[in-house]
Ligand SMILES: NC(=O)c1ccc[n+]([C@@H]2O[C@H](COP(=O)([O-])OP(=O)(O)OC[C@H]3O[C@@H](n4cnc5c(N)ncnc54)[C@H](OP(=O)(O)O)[C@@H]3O)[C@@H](O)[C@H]2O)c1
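Next up is one chain by itself, shown in structure tokens, the form predicted alone.
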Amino acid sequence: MRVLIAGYPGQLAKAIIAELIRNNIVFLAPPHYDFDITNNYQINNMISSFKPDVIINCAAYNSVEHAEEDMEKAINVNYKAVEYLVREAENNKIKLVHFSTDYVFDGSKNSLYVETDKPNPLNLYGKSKLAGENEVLSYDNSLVFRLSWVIGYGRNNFLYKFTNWITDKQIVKVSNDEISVPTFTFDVAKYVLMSLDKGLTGLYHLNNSGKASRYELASKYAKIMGFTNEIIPVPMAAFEVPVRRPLFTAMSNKKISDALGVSIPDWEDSLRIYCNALKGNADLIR
């Protein structure tokens, strides 16, 4: 199997690369300036030269707030570029793996979301991601994984931002009514490769088990890392948030767990692994 990865050096792409290396799988992960998925020429060139069996698209416009202001770019990356990737994958008989988000839901449900629940995104980011996932699912030989609160060894995640906050402030306020599932990139990478080995296609929720508020996540992270700052739980309404965000987007991973015959670790177990790695090597988040 030959795997072409878009979205390097993002945190998810790095985790998938590590898993590919562990499994001795041939891959190519060009940097963004050589493999910009909004550049059709670069897509064609990479496919024709590398001849992949699988494309894993980790590239995305992930800023929920900025998407409202930079609408054209968000739509281009999350939808229009994906549309072209699908066409090229289909023309070249390549399997396409794509990642979507829990933000396709509006948060009105009070139990775990499943794949058959009807999406209803509240913001442009969620709408652009939903358009992209629908485009990918129109191609039979594809896999779409909805992720939530992605955390990896990098800077584009909540825990990195939280660490910066507590460096500057002794008292930090964190929302306690925004609930989803903290999901770690090393777990995502493991189950993506298992899904490819199994020949799975279609839509799956791929997140760690359990659920948590931002406050619960921040508190447990701070305790493990030995931070002594005071963390105060507040409703999300206490913050000046310029974009509507769903409060509850926790998803069930039962479908993918059953398909792979696995039990996906609880987010707290993976948080401990993540924190222990950071303690051993602070350069992981650079």
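Note that residue numbering begins at 1 and tracks the sequence as displayed. All values derive from a computational prediction rather than experimental measurement.
Another form exists, predicted together with the named molecule; not displayed. Remarks below refer to it.
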Are all three of K127, I179 and R245 close to the named molecule in the model of the complex, meaning a heavy atom of each within 4.5 Å?
no
Choose one stretch from 190-198, 141-149, 170-178, 116-124: the one whose residues place a heavy atom within 4.5 angstroms of the named molecule in the model of the complex.
141-149
Looking at A250, A67, A60, A222 here, can you tell me which has any non-hydrogen atom within 4.5 angstroms of the named molecule in the model of the complex?
A60
Have a look at S108, S111, N156, N92 for me and say which one sits with a heavy atom within 4.5 Å of the named molecule in the model of the complex.
N156
Considering only heavy atoms, tell me if L217 and the named molecule come within 4.5 Å of each other in the model of the complex.
no
Quick one: does I264 come within 4.5 Å of the named molecule in the model of the complex, counting heavy atoms only?
no
With heavy atoms only and a cut-off of 4.5 Å, decide whether S257 touches the named molecule in the model of the complex.
no
Taking the named molecule as it sits in the model of the complex, is V136 near enough to touch it, meaning that at least one heavy atom pair lies within 4.5 angstroms?
no
Check each residue of 17-50 against the named molecule in the model of the complex and list those with a heavy atom within 4.5 Å, in sequence order.
H32, F35, D36, I37, T38
